[in-house]
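Quick heads-up: it's one chain on its own, the form predicted alone, in structure tokens.
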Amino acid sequence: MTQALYRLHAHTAATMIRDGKLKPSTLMQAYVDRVAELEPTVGAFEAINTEAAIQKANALDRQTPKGLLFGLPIGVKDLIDTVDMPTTYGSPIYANHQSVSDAVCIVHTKAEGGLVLGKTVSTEFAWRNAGKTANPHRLKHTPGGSSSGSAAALAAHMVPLAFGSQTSSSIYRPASFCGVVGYKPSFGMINRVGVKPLADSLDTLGTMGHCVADVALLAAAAGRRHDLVLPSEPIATHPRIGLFRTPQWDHASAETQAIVLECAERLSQSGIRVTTVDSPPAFESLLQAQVTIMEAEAAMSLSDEYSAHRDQCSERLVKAIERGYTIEIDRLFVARNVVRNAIAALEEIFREVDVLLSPPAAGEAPEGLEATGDPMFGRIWSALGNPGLTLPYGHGATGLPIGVLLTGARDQDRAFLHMAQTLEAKLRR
């Protein structure tokens, strides 16, 4: 029995613990054993303390279950401060750096009974140089980034839940590459205090898991939004789906385009209303606007690292910061105005549909660990701040996972998650 526990969905394991059918220590041991087996080849963790995790789980065995996450092991992206584990932000500048307090999302997670098993690998400041992590489906391929370790740890079943963050495509892309569910809430829904800033108007905390109910569960705990908790089976919803060919559509692989189109067809055949939505003119400059805003804001956020520790920054990071410094304020204002116009156009679209369907990434995970794949497909959604969720769906030409992206109306996360759960059930193979 212990060996199969690591494949339980998080919400199922939480219910079993609450009903007295599973001990936190038994569940934790299953994941600790899994880490011992696979971490040497996958490299999903920057720091891990299995002994402390088992001790904390043993302590919970003697308590009455309470809290949404009671006894569940959690992976935490190494961009998020933790008081009992180092936080390096993916940079040698912060090797062995120990935060003096937990990030707000971790405070809430622990209050709900969640147990931090380890810190998952992030790219350098969640932006540039890739870390050591491999894709569990094929070790010579990238897991995506910057939430590399979280996606890989989930795909390898080394944790049931994990935190990610997204400034361009750092949840959507690794979730698609690794075949897991990645949820980026509406901008600002989960508090970011205690998370290393990159681009303040874009940075968004999110959650990763194996089903919609699981990512909603962790978001509900971390964001103190208990209204986001979903039932084990979806309630009846009838979302109107918009098949959305973004301006980046032609950059998607033939397999990715076919998977999105097949997904739309299956939903239509199941009785869901599916219409094609044209990309509005306001979206044409949106990708470049996001790049401009991200580089300008990131250069400011990383000013100290650049000025005082440039020798410990990667060459790619240094060049990106220097590009950000060249962006004049008028150009930044133009980019922000592009985003405002696109937000207005998108609000009009959501008067006619409830969920947009599009690609989360260009294709399956490319070979090599030096880079994490092109982020272009997530950039526009990070700029707009809408909730979105990558669902595993198909496979590419070489057999690696390819997901589909669902996007909802901004600040309507509860309704969006219910609709995503409905669509997940209809698409279950």
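Given the structure is predicted, the values throughout are model-derived calculations rather than measurements. Residue positions are given as counts along the sequence shown, with the first one as 1.
Below: the form predicted in complex with another copy of the chain, not depicted.
- Residue R192 is the only one of R240, R192, R316, H251 with a heavy atom lying within 4.5 Å of another copy of the chain in the predicted bound form.
- Residue H108 is the only one of H137, H210, H108, R128 with a heavy atom lying within 4.5 Å of another copy of the chain in the predicted bound form.
- In the predicted bound form, F350 stays away from another copy of the chain, with no heavy atom inside 4.5 Å.
- In the predicted bound form, another copy of the chain sits within 4.5 Å of a heavy atom belonging to V100.
- Using a 4.5 angstroms limit between non-hydrogen atoms, D304 touches another copy of the chain in the predicted bound form.
- Proximity of G179 to another copy of the chain in the predicted bound form: non-hydrogen atoms within 4.5 Å are absent; the residue sits far from the partner.
- Remark: of stretches 296-304, 163-171, 267-275, 68-76, the one touching another copy of the chain in the predicted bound form is 296-304 (heavy atom within 4.5 Å).
- Residues of 401-416 placing a heavy atom within 4.5 Å of another copy of the chain in the predicted bound form, in sequence order: D411, R414.
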